[in-house]
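This document opens with one chain alone, in structure tokens, the form predicted alone.
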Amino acid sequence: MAGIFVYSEDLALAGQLLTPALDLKRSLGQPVVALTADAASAAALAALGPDRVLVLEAGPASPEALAPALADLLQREGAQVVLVGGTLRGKHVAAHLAAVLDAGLASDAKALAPAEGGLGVQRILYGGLAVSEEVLAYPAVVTVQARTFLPPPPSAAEVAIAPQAVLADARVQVTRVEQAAREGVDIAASQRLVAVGRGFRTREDLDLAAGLAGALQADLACTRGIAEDEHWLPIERYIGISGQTVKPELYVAAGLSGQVQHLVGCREAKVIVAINSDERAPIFEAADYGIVGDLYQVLPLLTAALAR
């Protein structure tokens, strides 16, 4: 039976994948099946409206170890579209699935729709400078990054949750799980961010941005140079093409030029406010509001105004 399948080891992302999957269901007339290796996540996924949830029973296994079993299952089920969460591990799984299914693979899709000859996929290329439109013949495997789509609204429909025994690849075993040490907050989940760049002269000057962030109840973020070159902020706060991708309600860019490598990580913010003394800085082309001025004067004024 043909179908549209979604899989991610990240529950929140798996839920987000159901939004494009349900849209495709309306066009293709095929059922949506959510796959999870976490039995505790099955009910949460079922509440978002797929037709079925299959719980992969393989014992403790990494997503990579599940890839061969997933490929076998998808072949037997006749999957036409497979949406995989675009995490590092998810992309590993997606590549394996595409190879076994002899399917086309598109990564980091922004939009999906049926097209003549297969599945139409839109992707952002060259750090946001171009949009690629591709058509993948069925079956098609596509990865989607977190927060590309919002999860669908809860559904009251009854959804079958069924166990699915699978055999994990014994060559890949989970021997220990250890939480990675992180400094500070998860900025990917922040709704307000104040991002800093090389316009700040010293590390101590970041207190100006921290003051504004406090007044806005926002978190601090930064460019790659501030995190990797200056080491003024943890690398987890670095936004850009090889750093974090964020989608906050408010993004205040202070003292950063707005190179495309940075903008690709924040371009989907709802409102971007730029503060820069160079009126020709690229950040102003992406900003909704801009202040041309010295951040050493502007930030204290803004912080004081917000405090009143």
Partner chain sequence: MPQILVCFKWVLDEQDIKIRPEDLSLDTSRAKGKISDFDRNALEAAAQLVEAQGGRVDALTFGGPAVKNALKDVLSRGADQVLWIADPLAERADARVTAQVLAAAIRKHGPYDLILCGEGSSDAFNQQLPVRLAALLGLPCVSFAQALTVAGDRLRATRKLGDCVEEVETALPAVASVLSEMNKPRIPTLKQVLGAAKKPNQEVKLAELGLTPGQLEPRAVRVGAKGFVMNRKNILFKEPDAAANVARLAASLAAEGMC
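Under this definition, the rigid core comprises the largest set of C-alpha atoms superposing within 1.5 Å between the forms. Residue numbers count along the first chain shown, from 1. For clarity, every value in this text was computed on a predicted model and none was experimentally measured.
Below, we refer to the form predicted in complex with the partner chain, which is not included among the displayed structures.
In short, of 71-79, 200-208, 147-155, 106-114 it is 106-114 that has heavy atoms within 4.5 Å of the partner chain in the predicted bound form.
Of the residues 233, 187, 98, 161, just one reaches the partner chain in the predicted bound form with a heavy atom at 4.5 Å or closer; this is 98. In the predicted bound form, at least one heavy atom of residue 136 sits within 4.5 Å of the partner chain. The partner chain in the predicted bound form is not approached by residue 24, whose heavy atoms all lie more than 4.5 angstroms from it.
Residue 165 falls outside the set of residues with a heavy atom inside 4.5 Å of the partner chain in the predicted bound form.
Residue contact check for residue 261: one or more of its heavy atoms lie within 4.5 Å of the partner chain in the predicted bound form. Counting a residue when any of its non-hydrogen atoms is within 4.5 Å of the partner chain in the predicted bound form, the hits in 150-178 run 171, 172, 173, 174, 175, 176, 177, 178. Relative to the superposed core, residue 135 undergoes a Cα shift smaller than 2 Å between this form and the one not shown. Once the rigid core is used as the reference frame, the Cα position of residue 113 differs between this form and the one not shown by less than 2 Å.
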